[in-house]
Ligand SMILES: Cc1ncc(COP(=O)(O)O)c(C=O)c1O
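A single chain, nothing else alongside it, follows as structure tokens in the form predicted on its own.
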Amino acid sequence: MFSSRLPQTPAPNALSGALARLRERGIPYADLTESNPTRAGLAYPPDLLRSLADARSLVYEPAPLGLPAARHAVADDFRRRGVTIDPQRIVLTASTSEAYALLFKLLCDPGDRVLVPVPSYPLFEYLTRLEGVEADTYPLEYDGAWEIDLEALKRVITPRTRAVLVVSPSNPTGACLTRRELSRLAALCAEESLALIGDEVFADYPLRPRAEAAKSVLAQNLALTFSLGGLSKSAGLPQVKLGWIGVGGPPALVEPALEALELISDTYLSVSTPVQQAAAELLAWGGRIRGQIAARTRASLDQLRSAVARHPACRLLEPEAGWYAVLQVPGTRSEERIVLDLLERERVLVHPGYFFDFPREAFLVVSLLPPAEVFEDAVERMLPRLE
């Protein structure tokens, strides 16, 4: 009765079962998987959302690509990051996930393929499959810094490949695309007639960026390129649904892409009028939230780095940006056993590396977002157990 595009519902595993039992019994635990800034103890201004009540929102003026004022506000936000883009090349969406869905509709027929990095966020499996698209993977390799294995990427290109996805800064590795990598990727995409899709939602949170990091995938014009962002990360407002696509590349490709995106967007008109009218003010207020998140994540990383230095059996894979950090730990037990042990004995929840398709064990992923006292206490309990 139901579509074959629906991913299989994963069976409950030992970790989800253990977590459910703790919750049923009301036993507290330190959640080092927390990714929701609204639950991280940040100080949100009480009148932050006042602009959503703007009287202009009472008038419905459907604009498939977004209201002009909101697109200008997003262009100004790109400029804040050092990226210049014409507001006419911006498409508003309800979220980054919806942005991916629109782009897969734009670029792919059912059965076409896109390339996604590993390790990376597991949502790609769902986003591609729900659009009838197949995902092929290319590896990120770590040798003091994360890098794209471009030769491996080339080998997985097929006649049905339509796009290369890059996540910069990456989730969860914190890797940033370098200018050299961007140049080589853009040349490859232009040569193979592939689109380049850059997920840049964590771009506002540098931790230890390399000097050669690229500001944005829009910094080149060889390939048809899409830069994705949204209020969820840039302003710490995941509940205020506004994302965007910045479109770049050769005009001969950009113009028809925008025309097609306008048609697709007009079919759904999913972005609400209130959030578009409020976009400029929300982006301006967002600086206060960004500042808190940036200070929190940098302090957490410093504390984690210091703690790991006292436990030489563990290794911190230094992130360059974002909200997460990756630990390589002794692989004397499976990742699932390690994570279960931490939860059951130390009351600390972390992500196992296999959740992000790390190619081997044992890796753990922790969020840098929890309050300082929660994070520090959990790390100090966790690391001795890992040794």
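What you see is a predicted model; the values in this text were computed from it and never measured. The numbering used is simple: start at 1 and walk along the sequence shown.
The same protein has a further form, the form predicted in complex with the named molecule, not shown here; the description that follows concerns it.
Heavy atoms of no residue among Phe104, Phe226 and Ser265 are located within 4.5 Å of the named molecule in the model of the complex. Though the partner is left out of this view, Gln276 does not reach within 4.5 Å of the named molecule in the model of the complex, counting heavy atoms only. Among heavy atoms of Val167, some come within 4.5 Å of the named molecule in the model of the complex. Though the partner is left out of this view, Asp204 does not reach within 4.5 Å of the named molecule in the model of the complex, counting heavy atoms only.
At the 4.5 Å threshold, heavy atoms of Ser232 reach the named molecule in the model of the complex. In summary, the region of this chain contacting the named molecule in the model of the complex, judged by heavy atoms within 4.5 Å and restricted to 178 to 186, 93 to 101, 142 to 150, 295 to 303, corresponds to 93 to 101. Here is the short version: of Tyr121, Trp285, Tyr138, Phe78, the single residue with a heavy atom within 4.5 Å of the named molecule in the model of the complex is Tyr121. For the partner-free chain shown, nothing in 40 to 70 comes within 4.5 angstroms of the named molecule in the model of the complex, judged by any non-hydrogen atom.
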